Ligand SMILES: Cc1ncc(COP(=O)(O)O)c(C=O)c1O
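Given next, in structure tokens, is a single chain: the form predicted alone.
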């Protein structure tokens, strides 16, 4: 077994971790292996995984079906370029995505990651309007508290004030922002709830290419959810003002919210949809941007005649093969019953946190549980405590949240929730 201190020291010398300083102030925990719902650290401690590795590993780790999909694909090819070539895994994946996403999404553009999928969606929308003779439609409309990725186009539609990217605001395109929906998930959507965004659409329709939002669940930007009725009204408004609707399903697609996709809660279909994260079960980086035939035709009617984007690893066979296996595994399992069971366990287990003086809110939807604190948590204190309590939960800001694998047991859900409550109680 590698020396734990040595591994951390080597890491500190050469590696830069996400959302972290190179000063080494953020706690770091070396992982030796992962299996099922357990992460095993190099010092022998086992942690219940409460994050699904940033929401991707919905089937847990080292799942035999997914392992076999990767091994089997290695016997034929691990990668070929997608320009001018095609292969069975990518075509089968596209067929499946078309079959399970809302109609009439019928074209699939494979991408490298979620951020790239958002970039692709934005470029599709802009090139569509060029093809339709409206090149002046270059702005996007979105809602505050949203998060869409860390690349430049995606950053430009994240919350410009409360989000993570305000440092770069002077470099980014100036888009339009409405307030986050005020109607809670279980509340009706009234006219007043959509008045602001309707006003922006009415006043800027000639320059707006698309509205982009996270359907029903706002993820990294807020960990909050809003009324499906609001999303349904947004679809109606986009149709009325002739604006495209982009649905960013990357965080909660493939069952996390209790429906297969966030749009399913509202019974609507966007013009463009981004998916990723859980698509490959957390095995390899891959995402996809889907669009309607109308959007695809508009893009190809532009002067370029083709869509101007082409990632090197687009349609990667290994990622496509494991994505096919992951989606099949999900759809053949009682995933909805499992998500309901996780939801009930989180609701019961996190409820005591509502009585803590430093807690602003406790909320659960599907397999997502959140303790929102009144002040930002101190990661140097709360992260090691959570590890000592036997769970892997990665808080940020004022949010101590969990999105566990769908295969987690009720007992582990209870342990996970209890550890979150205790950690908050001892540190806030």
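Remember, it's a predicted structure, so these values are computed and weren't measured experimentally. Positions refer to the first chain, counted from 1.
Omitted from view is the form predicted in complex with this ligand, to which the following refers.
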Decide open or blocked for this chain: this ligand is absent here, so superimpose its site C-alphas on those in the predicted complex and check whether 3 or more ligand atoms come within 2.4 Å of a backbone or C-beta atom. open
Only one of 269, 333, 113, 292 has a non-hydrogen atom within 4.5 angstroms of this ligand in the predicted complex; which is it? 113
Please tell me which of 349, 149, 228, 255 lies within 4.5 Å of this ligand in the predicted complex, judged by heavy atoms. 149
Interface membership of residue 142, this ligand in the predicted complex, 4.5 Å heavy atom rule: no
Using a 4.5 Å heavy atom cut-off, state whether residue 220 contacts this ligand in the predicted complex. yes
With the cut-off set at 4.5 Å between non-hydrogen atoms, does residue 250 touch this ligand in the predicted complex? yes
I'd like to know if residue 246 sits close to this ligand in the predicted complex, meaning any non-hydrogen atom pair within 4.5 angstroms. no
Of these, 299-307, 183-191, 199-207, 113-121, which stretch puts a heavy atom within 4.5 angstroms of this ligand in the predicted complex? 113-121
